[in-house]
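Shown next as structure tokens: one chain only, the form predicted on its own.
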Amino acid sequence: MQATNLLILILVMAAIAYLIGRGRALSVAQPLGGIRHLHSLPYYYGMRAAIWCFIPSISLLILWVTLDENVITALLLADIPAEIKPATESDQNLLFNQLENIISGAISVERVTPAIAAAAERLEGLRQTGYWLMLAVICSAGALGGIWGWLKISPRLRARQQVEKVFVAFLIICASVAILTTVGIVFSVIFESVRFFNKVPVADFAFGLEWSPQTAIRSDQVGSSGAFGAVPLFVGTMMVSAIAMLVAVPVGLMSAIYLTEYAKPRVRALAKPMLEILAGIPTVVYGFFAALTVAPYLRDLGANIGLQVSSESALAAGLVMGVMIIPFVSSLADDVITAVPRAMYDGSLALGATQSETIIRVVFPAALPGIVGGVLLAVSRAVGETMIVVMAAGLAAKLTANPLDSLTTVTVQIVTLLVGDQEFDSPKTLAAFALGLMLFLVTLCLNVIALRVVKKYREQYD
């Protein structure tokens, strides 16, 4: 909350610096005959002053947020009495949790020793001192930066170039953060997966037919040695995703074609928003619908025709997941079909082709790269879905090709393995990272294949 208040203060100071800088530029230009005698527009002079106010202040705020707790912890531990000084890191965490509860009022001061109460008071005092000190430093830095930016305003100042350089640097930083975050995620998954494969052979994981990751955390516990064959999980993921795609792709594409080429404007204006409402429904609602409506209906229907359908089946999860994914396929296909040049459509009709022939032989091939991208997005959504599978398909890791049976997927097992207190030196927990790595590799292969298809048809129709 304190950091949020400081951020709001910095934004207000930057806004004030902008107004003052812009006013200064206008006042400088007035004796010269107007703003046409300035090198840049007054907007850029104001932005330059705001930047000089904002950058030093936000840099100090980031530094304070990063180092504040560490500095306060070091100062508190240096002054804390020896009788309550923690000996280990876990003791230190327990002590600070107790101090936090005292500060928040969850624990009464009368219920703790005087040394603990004094330490809590000292901690609160250090935080308040740090906050007010940082408030003064930020205000001073912002004021000095704004004044500097204000004083440097002159008709010859190349304010636009300086502001644009700052914005380009900001965009580069944002792009770098995104790239570095992705690289960090990939390497963290790889490192943990390597630790897992040091305990479990890669062949046993990639080709094993039994998944039972329950293992004993300590050597003195009684527990299974675990079985980490991931083939049942991969089969379950592919089966549920395939069922979902069999529902979503035809229905989504046909909906997009109808709304784009055949529907009247009034029907399109009503049907398209209603279809896209499906994308805003939380997945847990789809999970409830699958578990309480679709799965019992399929079970009863199977019993009537002599089929044994499990109460939790891949078919129920796949059907509901397909309904959930329809808006993704439909909306993207709609946008892509609409973007096809109208000249191609009109030229085909002028040559004597019917509307259906034009859609099948001209519009659809021209829009195929975008449609492939939409289907790829839908596949990624299906592969990464968890809640529907948990509620409608179950948690049983079975190697089966029967869509009427219960099974599980990779994402469900990742969640299951990482829920609760875990020992991150155990193969059971590290298996979640290995599953994540395999999921990443599969998705990467799908992306490469889709890019090749898109490139082939884009070369043909561009």
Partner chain sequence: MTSIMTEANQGLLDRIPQQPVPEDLAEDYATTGYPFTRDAKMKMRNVNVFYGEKQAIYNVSMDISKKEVLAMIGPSGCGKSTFLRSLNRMNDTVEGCRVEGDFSLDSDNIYDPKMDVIELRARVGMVFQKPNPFPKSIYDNVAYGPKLLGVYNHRSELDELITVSLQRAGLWDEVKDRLHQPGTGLSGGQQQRLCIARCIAVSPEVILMDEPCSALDPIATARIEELIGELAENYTIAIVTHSMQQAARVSNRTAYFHLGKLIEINDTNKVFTAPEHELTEAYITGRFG
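Since we're looking at a predicted model, the values are computed, not measured. Positions refer to the first chain, counted from 1.
Below, we refer to the form predicted together with its partner chain, which is not included among the displayed structures.
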>> So, a 4.5 angstroms cut-off on heavy atom distances: do all three of 265, 347 and 354 pass it with respect to its partner chain in the predicted complex?
In response: yes
>> Within 4.5 Å, heavy atoms only, one stretch in 382-390, 250-258, 295-303, 356-364 touches its partner chain in the predicted complex. Which?
In response: 356-364
> At the 4.5 Å heavy atom threshold, is residue 343 in contact with its partner chain in the predicted complex?
Replying inline: yes
